[in-house]
Ligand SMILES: Cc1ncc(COP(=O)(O)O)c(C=O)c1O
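Given as structure tokens, the chain that follows is alone and in the form predicted on its own.
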């Protein structure tokens, strides 16, 4: 499905010019302003589709950077939110929805007995680390290169190959002094480093953000055994994988249960909410009130209502929904690989459940350390060619499936990929 690229680019850049006069970088999150050939300015969205201000339709695999697992307009979630709004804006009060959501999380997430709610994944990671330090009485943390845990200074480092320092300007280098960075998947390195003076080990159990890599065989199991032996808390950052890889996240799929889990994105179906969930023993500092858990918008009723509706739907439809999304992702991955080979383009495609990561013009990406070989200019150009064919992905090559992508969407997406692959081959000549 071709779009009128000139009209799309012209109207998008006109809008961005206006926004740049009053909004820093013209957007509320830097990556949104880097989209090629121009940042998409959405006018409306429904199901798995988004329409821009030029009136053109795109099949959406960005899905709000992951949260929209039920698409842009899930009826049950919208009805729940409307009903909640009708009860008034009761932020900063206790309300019945908090217990409902806590019960749903306890029913569906293996590590969860108790939950504490905040508004973003970055906040939830900070709360989890504070809980771990309060529980153990220690301060040191082990993290892993290529894992992303939010934008706070204490964890925003080691995100780029060859750089263990701050990931952006303006960070306090001393903020990471209590953390040690290791290579994700290297159990021997962990054994050699972990001692009883660490409070926690924090990681993405499945490295979706780093390139859709499943953990090496035995890595999580070994990690669980070592941390338990040392009395160190194991924290899974499942902001992306929670409620996406399966109803119970990566921990249920891989049968490894951490002490604490950080969840967000998909749980809220597009509304801002996240949580730290864990065993009663792990959550004791919060449960007892000894640890101050503050935040004006923590557990706000509208986001909680959305999360209750979303998780309820996922629970009631898990038997068909997750296999279908994963099968669609596999179908696309297989087509992209076959088409790239047929047209002579080097291409790696990684899959983690219903998420895909593309590495255009790069072959042999098999582990997280290979992700540093990403050809960013080629990836940007590939994403731009997909946009010209009516398909939106996250600019760095990441794609998410939703419950709303249809067989027709998949067929149109395959045609768009054939177009983008042909364009990439021409550039490489």
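Treat the numbers as computed from the prediction; the structure is a model and nothing was measured. Residue numbers count along the first chain shown, from 1.
Keep in mind the form predicted in complex with the ligand is missing from the figure; the text below concerns it.
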I'd like to know if residue 209 sits close to the ligand in the model of the complex, meaning any non-hydrogen atom pair within 4.5 angstroms.
yes
Look up in the model of the complex whether residue 265 has a non-hydrogen atom within 4.5 angstroms of the ligand, and give yes or no.
yes
Determine whether any heavy atom of residue 148 comes within 4.5 Å of a heavy atom of the ligand in the model of the complex, and answer yes or no.
yes
So in the model of the complex, is the ligand close enough to residue 328 to count as touching (4.5 Å, heavy atoms)?
no
Tell me, out of 269, 358, 276, 240, which residue has a non-hydrogen atom within 4.5 angstroms of the ligand in the model of the complex.
240
Identify, from the list 257, 227, 122, 246, the residue with a heavy atom within 4.5 Å of the ligand in the model of the complex.
122
The ligand isn't shown here, but in the model of the complex, which of 114-122, 307-315, 81-89, 212-220 has heavy atoms within 4.5 Å of it?
114-122
